[in-house]
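Listed next as structure tokens is one chain, alone, in the form predicted on its own.
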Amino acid sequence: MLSQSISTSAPGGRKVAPAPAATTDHFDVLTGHAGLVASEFIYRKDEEIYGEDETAEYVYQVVRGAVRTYKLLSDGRRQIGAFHLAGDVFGLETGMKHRLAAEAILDTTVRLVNRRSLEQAAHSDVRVARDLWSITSGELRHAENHMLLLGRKTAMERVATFLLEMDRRLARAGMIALPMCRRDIGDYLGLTLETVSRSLSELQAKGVLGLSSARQILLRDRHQLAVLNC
């Protein structure tokens, strides 16, 4: 029961090209209810999807590509809160404003649903309400784990935790193809670019991973990474 509206203008007046429909395991959260209308837009690499403190009018889902959500600190530093990959829902806020900004990491197709319509669907369809609760609780778990990572783990432990997360979410045929650059990784882990690169080089020297390129990583010893992650 998909009701889809394709437009050439994204929220905020951004001009983007329409994208073809796609399917992932979670699309029914945003489009499986007869009363919901979804639109798809392409955001170019590094293009803002929404800004911090903007009105949270829509809920978003990555169709293909990747998105980073982040906050700029008063001194200009950037703290990335999460990376959203294909199938992930983001921008679901408890208040009326977005707490973080969101940008496309690379050319990314995003599906949008009006937040008010989604909330109304949740009142009438227990499946929608259950799915939204699952998304919200998952984001809470991620925030708690991220807080622990930033507050208590060493640089090497943070990198190991990140690699295991990406292995779970991205690995294909034993290879992790990272959409984000090392500076993004550093801003997610609270580390400098140099520290991230040094940690990856140390893990490579120990035979824990192989680097076929800056963003292509082969995990050779997941057990050792798991030990570092404890």
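All residue numbers are counted from 1 along the displayed sequence. Everything numeric here is computed off the predicted structure, so don't read it as measured data.
Just so you know, the form predicted together with another copy of the chain exists too; it's not on screen, but the next bit is about it.
- Contact annotation: E119 falls within 4.5 Å of another copy of the chain in the model of the complex, judged by heavy atom distances.
- Interface membership of D187, defined by any non-hydrogen atom within 4.5 Å of another copy of the chain in the model of the complex, is confirmed.
- H146 belongs to the set of residues with a heavy atom inside 4.5 Å of another copy of the chain in the model of the complex.
- Shown alone here, R111 lies farther than 4.5 Å from another copy of the chain in the model of the complex, counting heavy atoms only.
- No member of the trio E54, L218 and R222 reaches another copy of the chain in the model of the complex with any non-hydrogen atom inside 4.5 Å.
- Stretch 179 to 187 is the contacting one of 60 to 68, 201 to 209, 179 to 187, 39 to 47, since its residues have non-hydrogen atoms within 4.5 Å of another copy of the chain in the model of the complex.
- Contacts of stretch 124 to 141 with another copy of the chain in the model of the complex, defined by any heavy atom lying within 4.5 Å, are made by V126, A129, R130, L132, W133, S134, T136, S137, E139, L140, R141, listed in sequence order.
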